[in-house]
Each structure stands twice: as structure tokens, then as C-alpha cells.
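Quick heads-up: it's one chain on its own, the form predicted alone, in C-alpha cells.
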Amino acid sequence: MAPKLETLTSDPAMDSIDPILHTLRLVPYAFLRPPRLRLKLPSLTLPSPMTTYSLALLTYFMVVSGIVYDVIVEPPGIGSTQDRATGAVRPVVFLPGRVNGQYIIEGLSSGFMFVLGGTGIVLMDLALDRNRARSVKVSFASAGVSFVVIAYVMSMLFIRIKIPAYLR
């Protein structure tokens, strides 16, 4: 079954069976030729591995820092509490007692510790490369172990500040 003429054309002037109108529409364009354009398609190059790694690390930092929480809830950057003995106001970085809440600086510092630990694991992996010099491998391994230990100790300290009776 052949399609109907109405479905093939959307221009109402083309539906006319008048030969003069048809000639007026086709004759001016019969001797014109489209130009030969030598357009090059844009070629997209892949980003370098270091760029990809940097973007992945930045995304990881943003996610574990709680940027989404900070945008939705809009907590203060840092808190304050009044000292009972002196009455002076002291700054507080960690929101005590609330596991589901955070100040902005608390999230950023925790996220930095997680990224530091992840970078330490990457450095330890780079230390296993056989094509590197021994001194470079030792440097990567020692820096990687140091980063992981610092990140773990600081993260545990952050948790103990946030939840005073945690693991005691």
C-alpha cells in the first residue's frame, strides 16, 4: 500500500497541481548548484589519563565531602559554642552528637582525609612498577603508607570528636 500524498509533503504549495506554480518553484533553482564545501568534521581527542584521574579524584572529593548536603541544607561554615568557665565564644569545627549533620569545614576536612588515603593507595600501587628505579619505588611506598596511616588516624580522630563514646 503506497503512502498518501498528504503524508509525504508538509508544504501546502507543493500539493497544488498547477504546472505554472510548479515551474516557478523549480526553474530558478535548476541552474544553481550547491557549492562544494570542504568542511572538516571536528575530531574529539580523548583526555589524557592524568586529566581523567584528576576529574575522578575531584568528583570523589566532592561526593565524600557532602557538597550535595551543603547545597541543600546550607549549614554554616563553622559553628561556635560558649565556654562554661570563661563565657568566651569558641569556634567549633565538628558538629557534635549529630551523625547526619555537618558544618562545611567538617565535610571538607573529612573529604580531604579520604582523598589522602586514596592517593596513598595509588602511590603504593605505583611503587609496585618494575620499570621504576628502586629509590623512586621506596619513595612512593613510604609516601603511600604515610598517607594511608595519616588518613586513618585523622579520620578516627574526627569520628571520636563527633561521637565521643565511639569504640570505647
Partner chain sequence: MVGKVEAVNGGVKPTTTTPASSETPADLAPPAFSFRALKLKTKQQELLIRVTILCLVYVLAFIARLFSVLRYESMIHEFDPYFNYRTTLYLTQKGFYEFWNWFDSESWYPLGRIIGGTLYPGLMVTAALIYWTLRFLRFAVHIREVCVLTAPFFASNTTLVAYFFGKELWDSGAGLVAAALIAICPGYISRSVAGSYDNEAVAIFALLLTFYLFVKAVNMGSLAWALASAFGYFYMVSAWGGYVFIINLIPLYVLVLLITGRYSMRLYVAYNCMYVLGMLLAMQIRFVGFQHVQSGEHMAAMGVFFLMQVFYFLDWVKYLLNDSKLFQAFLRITVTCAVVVGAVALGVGTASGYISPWTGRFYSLLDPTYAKDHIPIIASVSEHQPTAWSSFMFDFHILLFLFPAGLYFCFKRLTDATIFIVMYGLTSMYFAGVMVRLILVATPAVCLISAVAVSATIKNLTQLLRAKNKAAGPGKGATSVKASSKASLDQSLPFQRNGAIALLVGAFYLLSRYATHCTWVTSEAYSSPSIVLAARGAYGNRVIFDDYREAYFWLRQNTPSDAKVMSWWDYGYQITAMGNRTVIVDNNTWNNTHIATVGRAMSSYEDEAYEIMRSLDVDYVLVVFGGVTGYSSDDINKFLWMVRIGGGVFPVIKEPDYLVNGEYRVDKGAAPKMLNCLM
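Rigid core (definition): largest C-alpha set, two forms, superposition within 1.5 Å. As the structure is a computational prediction, the values presented were derived from the model and not from experiment. Positions refer to the first chain, counted from 1.
Just so you know, the form predicted in complex with the partner chain exists too; it's not on screen, but the next bit is about it.
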- Does the 4.5 Å heavy atom contact test between Leu46 and the partner chain in the predicted complex come out positive? yes
- Item | Partner proximity in the predicted complex: Ile78 to the partner chain, non-hydrogen atom cutoff 4.5 Å | no
- Does any heavy atom of Ala30 come within 4.5 Å of a heavy atom of the partner chain in the predicted complex? no
- Task: Look up in the predicted complex whether Met156 has a non-hydrogen atom within 4.5 angstroms of the partner chain, and give yes or no.
- Result: yes
- Heavy atom within 4.5 Å of the partner chain in the predicted complex: which residues of 51-71 qualify? Thr52, Tyr53, Ala56, Leu57, Tyr60, Val63, Val64, Gly66, Val68, Tyr69, Val71
- Query: Fitting the rigid core first, would the Cα of Thr51 be found 2 Å or more away between this form and the one not shown?
  - Reply: yes
